[in-house]
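Just the one chain here, laid out as structure tokens, in the form predicted alone.
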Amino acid sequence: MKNIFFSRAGIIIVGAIIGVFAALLQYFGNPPNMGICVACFERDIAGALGLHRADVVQYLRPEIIGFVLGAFLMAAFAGEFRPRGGSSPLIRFFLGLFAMIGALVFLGCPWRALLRLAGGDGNAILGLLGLTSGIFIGILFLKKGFNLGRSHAQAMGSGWIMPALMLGLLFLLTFQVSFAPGGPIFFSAKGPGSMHAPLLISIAAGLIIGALAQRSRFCTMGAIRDVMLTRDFHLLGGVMALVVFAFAVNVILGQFKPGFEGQPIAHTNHLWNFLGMSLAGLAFALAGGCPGRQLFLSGEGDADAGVFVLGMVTGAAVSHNFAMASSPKGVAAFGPIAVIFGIVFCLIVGFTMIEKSK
């Protein structure tokens, strides 16, 4: 079956659809400049499950569920569902953990950085510069032979784990299950976690984006990596389309508000906006994909990507439980220390996982 979405025009269409959906999800109730944010939404899921107790960021985000299930259904339909894994899973787990710590110091994943820019948030520029610098460092390791090892084919049941987990979360969300008085499952009554589009709209958007991203191989980190490494601008076309179309819809809906001060769910500490996303970009480069791409890969049977996703969820819990996650008030007490520690970890991984040429 011909994959039209992997063509130059196809990736641009996919990016445009993601940008439009993100702006519309904000319009229908998702937090401002956060129509879609993989890191923030996984953080909300961690809170809903009681892994952290920041009561303003707790909600089982259906977009994340849709990403995995949409990718799973499309991969199965296209004959691309291939259970595999075994490529340094423990390292990938900690790369996911530190990627989340860096993202929550900045307050957003690469998708949200782009959407914040499309909404007028100038602070996103520092985040995107940091993301690019982290990916650049990762590319230097790749050029020297960095490799987490080969994954291997696994039993069919291995590939079903992440889709099954998402179905379980969808059940808990749909029926508002409570296991004890006062939770879990937790749902925010105020703050970003209480802001969400209607369930059917969110799950439909997630399914469509998951399916299209699986076919197109959409990846923000991959787009920057390919330009730097091979001068390949294919994926970058989709990323640029995301920004342009999100910007256009934001303008039409009155959601574009340019500036640095007073931006929603953001802070103006430029140093740690930069360094937080530098850590995230380096971790994404070493792991081989941005957080969105990791979700899509987990849907098509990649257990290593699933481990990275679980690392990010754990990183969200660690960030909020140990005062690392930023807020609109600024960078948290232990966020900078955690970012420095994470960068050191990633550098150690980078240097020690270089394959010696025979």
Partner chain sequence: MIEVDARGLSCPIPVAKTKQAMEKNPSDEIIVLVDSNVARENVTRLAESKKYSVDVLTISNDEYKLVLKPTN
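Worth saying up front: this structure is predicted, and the values here are computed from it rather than measured. Numbering follows the first chain given and starts at 1.
Keep in mind that the form predicted in complex with its partner chain is missing from the display, and what follows is about it.
Of the candidate stretches 267-275, 241-249, 111-119, 135-143, only 135-143 contains residues with a heavy atom within 4.5 Å of its partner chain in the predicted bound form. The closest heavy atom approach of G262 to its partner chain in the predicted bound form falls outside 4.5 Å.
Its partner chain is not drawn, but in the predicted bound form it has no heavy atom within 4.5 Å of Q154. Among heavy atoms of F351, none comes within 4.5 Å of its partner chain in the predicted bound form.
Its partner chain in the predicted bound form comes within 4.5 Å of no heavy atom belonging to S178.
In terms of contact with its partner chain in the predicted bound form, the residue from P258, G168, G149, P198 that brings a heavy atom within 4.5 Å is G149. Using a 4.5 Å cut-off to its partner chain in the predicted bound form, not one of F187, S194 and H320 places a heavy atom inside that distance. Of the residues in 283-320, those that come within 4.5 Å of its partner chain in the predicted bound form through at least one heavy atom are, in sequence order, G288, R293.
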